[in-house]
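Take a look at this one chain, the form predicted alone, written out in structure tokens.
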Amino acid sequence: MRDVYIVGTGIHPWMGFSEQVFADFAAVAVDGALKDANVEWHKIQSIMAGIFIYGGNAGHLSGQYLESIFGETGIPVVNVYNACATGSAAIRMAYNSVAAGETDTALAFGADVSPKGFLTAKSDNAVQDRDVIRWKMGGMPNPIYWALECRKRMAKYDTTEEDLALVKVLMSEYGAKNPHARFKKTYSVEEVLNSVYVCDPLRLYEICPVSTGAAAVIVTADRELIDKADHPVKINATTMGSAMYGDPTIRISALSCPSVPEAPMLSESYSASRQAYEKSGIGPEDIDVLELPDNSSWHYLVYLETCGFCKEGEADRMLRDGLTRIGGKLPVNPSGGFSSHGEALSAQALWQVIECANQLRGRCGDRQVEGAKVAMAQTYGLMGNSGTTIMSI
């Protein structure tokens, strides 16, 4: 397997609902990545495209629609969907294509125009689609699942409402400094605690909304492109994990969980992260900056534990003691996280990778983690999908 480097990245800033065509957002991100890498379009030898699940036939063929903008060159185009971990699957496939020598240079991208309100079922077929049954029987949007798990955590580890609020306060501090973030207002603990409950104990400011955005990454093993790139970033590992039987997490879109745990919580992410540690030879203790999926304040805490950065029940103290701040032992989500951006399904995992790469390339200004050499991006999705990417410079 050859060494693979990120040489170009591009982002369309996150925003609210739009009537604009998703491919237009993708084009902005891809054009930015091409310019960043100083690479011409015809140099791209394969495209791994995140499916825009709400986009009908066009969204399912997002790679071909992108080609219709930049030019059709006959190269392999693969459209992939792994729920909110779609971007993880896209970059993994691009990486594997290059590492295996199938291609020298590949593009991974995702673009999403999320619907208004909660993410709902993608069909109305109750026979084939279990998610439809979830909505018809329980009417349970995603935050209910997170709130149920958060209540379990509060009972077991004494997590407080102030801890949950503090996550948002910290994320808003960083989001206010990120030009790509959708939300740039900073909040105090009091303001967060005065926001309304969405699903007790999670408040409005403690869960992320759905958003519109696009992200693109160019990876290569071409020595000429690597040598002329601005601080190329090596991908040490990029992995996908799925759920393990006996996982006690109430998994979206199920309506139950095992009464006796036989696997780690959020086992798909436990698996993806451990695969990445093994493949890269890099452990949690080596990570200088971490981007994790803070879909809610609960996620921020539990993912530190799931991915092995602390023992179970210790994440709250890490947060309170400032260990997860920029300048602390492990800066977490200096991008502002999902809290400051929102979910853009097929793009968000790639955006996390870009944020990590930007930290390693020294591009983050007031949010820069000084001396960062190793970074990790972690995301997860519906029905036991998860991806981890570890990179270094």
Partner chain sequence: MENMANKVARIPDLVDWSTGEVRLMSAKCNSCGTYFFPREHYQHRPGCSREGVENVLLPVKGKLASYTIQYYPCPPPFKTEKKITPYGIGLVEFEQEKIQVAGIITDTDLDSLEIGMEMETTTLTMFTNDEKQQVVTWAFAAVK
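Numbering follows the first chain given and starts at 1. What you see is a predicted model, and the numbers here were worked out from it, not measured in a lab.
Below: the form predicted in complex with its partner chain, not depicted.
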Which of 120-128, 227-235, 269-277, 78-86 lines the interface with its partner chain in the model of the complex (heavy atom within 4.5 Å): 120-128
Contact residue in the model of the complex, from 176, 148, 210, 193 (heavy atom within 4.5 Å of its partner chain): 148
Proximity to its partner chain in the model of the complex, single hit among 166, 198, 310, 265 (heavy atom within 4.5 Å): 198
Residue contact check: residue 323 to its partner chain in the model of the complex, 4.5 Å heavy atom: no
Partner contact for residue 284 in the model of the complex: its partner chain, 4.5 angstroms, heavy atom: no
Touches its partner chain in the model of the complex: residue 138 (any heavy atom, 4.5 Å): yes
Interface membership of residue 101, its partner chain in the model of the complex, 4.5 Å heavy atom rule: no
Residues of stretch 219-257 in contact with its partner chain in the model of the complex (4.5 Å, non-hydrogen atom): 245, 250, 251, 254, 255, 256, 257
